[in-house]
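The chain that follows stands alone, in the form predicted on its own, written as structure tokens.
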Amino acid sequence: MSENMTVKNNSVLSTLGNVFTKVKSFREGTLILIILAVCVIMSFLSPYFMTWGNWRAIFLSFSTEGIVVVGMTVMLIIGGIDLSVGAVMCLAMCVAGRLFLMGMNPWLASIIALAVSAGVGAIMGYFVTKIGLVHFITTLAFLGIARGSCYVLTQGSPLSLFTLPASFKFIGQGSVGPFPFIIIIFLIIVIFSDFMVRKSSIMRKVFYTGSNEKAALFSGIRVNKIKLGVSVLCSSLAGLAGIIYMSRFGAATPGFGVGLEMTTISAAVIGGASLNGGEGTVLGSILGVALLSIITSSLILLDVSVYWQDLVKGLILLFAVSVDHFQHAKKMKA
């Protein structure tokens, strides 16, 4: 009897070991295992962690941020970085909100706000490709420009948009069955983007550009056109997130989105994107933002002061960037 039990236990352990090995073999496998480990630990530390209410809040938290992370991932793949995403997201919200209060249809106001976001991305792309500035300096400057524009549009006070029609509020507040509509939008964008990143020819050009810009240029790839397109994409997705937030909260706040750039960069780097360009997947970045949201939720449930959250995120970013640096240095030596 005991021999049979031993054989069964060994069989179970062997099966678990095989599953662990297979999961870890995926590019995002290690991150999945870390998320599962955090969830298991938190299920013991807090009785509220595994409740539907908590998970619904977690999904709502990272769904809109995840849309911005998609754009940031592509930006990192091409070898750039966008520090303006939080400010551009807020700008879209404030532009649409101000136009609505002036009597414009909210849908048309949102389209104009998205066009403004795309325009900001195009202007930043112009400064990078034509003037020759680096992404870091250009986007840092536009962080200030976009944020300042938000305060000009709102005069420093939140815009109350409680009169938004129910059809528009459905974007941020409605549900299809048990699933919030925000999550459905998020999943559609993520699935489509992940497919494009892995399979499309245009994304192969993005990867080539990020890996070796000179080689990509000599091979006939229109590098500047690719960079410009990525800049427009990143800002447009940030603008879309701003419209969704406006619909969800029924307000446009000029200080909204501060620090979002750190969250999105952290999520992308944690998910495998490299600050040196040429690497990254949408799925990995989404798992990265999911991990950050789970950690934030855990800190709240454990009654840890909210002031510690940015400190923890900063440490996670430092760790992720350090790992990326050592991996890149190892590849260079090889």
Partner chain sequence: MSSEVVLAVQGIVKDFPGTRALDGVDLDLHKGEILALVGENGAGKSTLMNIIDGVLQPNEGKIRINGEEVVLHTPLDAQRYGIGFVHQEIALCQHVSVAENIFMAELNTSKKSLVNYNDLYKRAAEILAPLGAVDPKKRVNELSISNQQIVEIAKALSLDCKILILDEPTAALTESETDALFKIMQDLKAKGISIIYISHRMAEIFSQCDRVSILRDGVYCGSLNIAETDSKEVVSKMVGREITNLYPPKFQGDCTKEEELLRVQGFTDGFRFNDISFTLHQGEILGFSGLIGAGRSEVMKAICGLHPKIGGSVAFAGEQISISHYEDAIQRGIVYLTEDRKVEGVFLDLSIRKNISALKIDQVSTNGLVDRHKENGLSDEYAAKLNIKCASTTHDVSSLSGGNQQKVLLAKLLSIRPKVIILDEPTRGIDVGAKSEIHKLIRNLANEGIGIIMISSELPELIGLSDRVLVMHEGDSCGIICGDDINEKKIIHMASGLEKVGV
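Bear in mind that the values here come from a model prediction, so they are computed numbers and not experimental data. Positions refer to the first chain, counted from 1.
The following text describes the form predicted together with its partner chain, which does not appear among the structures shown.
Undergrad: Using a 4.5 Å heavy atom cut-off, indicate which stretch of 247 to 255, 151 to 159, 164 to 172, 221 to 229 touches its partner chain in the model of the complex.
TA: Going by heavy atoms within 4.5 Å, the stretch is 221 to 229.
Undergrad: Check R147 for me: does it contact its partner chain in the model of the complex (non-hydrogen atoms, 4.5 angstroms)?
TA: No, R147 sits far enough from its partner chain in the model of the complex that none of its heavy atoms falls within 4.5 Å.
Undergrad: Flag S211 as yes or no: does it have a non-hydrogen atom within 4.5 angstroms of any non-hydrogen atom of its partner chain in the model of the complex?
TA: Output for S211 is yes: heavy atoms within 4.5 Å of its partner chain.
Undergrad: At the 4.5 Å heavy atom threshold, is I188 in contact with its partner chain in the model of the complex?
TA: I188: no, not in contact with its partner chain in the model of the complex.
Undergrad: Is there a heavy atom of V176 no more than 4.5 Å from a heavy atom of its partner chain in the model of the complex?
TA: Although its partner chain is absent here, V176 would stay clear of it in the model of the complex, with no heavy atoms inside 4.5 Å.
Undergrad: Please pick, from Y126, F195, F136, W107, the one residue with any non-hydrogen atom lying within 4.5 angstroms of its partner chain in the model of the complex.
TA: None of the others qualify; the residue that does is F195.
Undergrad: If you check I112, L217, L140, A122 against its partner chain in the model of the complex, which one has a heavy atom within 4.5 Å?
TA: None of the others qualify; the residue that does is L217.
Undergrad: Mind listing which residues of 296 to 323 have a heavy atom within 4.5 Å of its partner chain in the model of the complex?
TA: Contacting residues: none.
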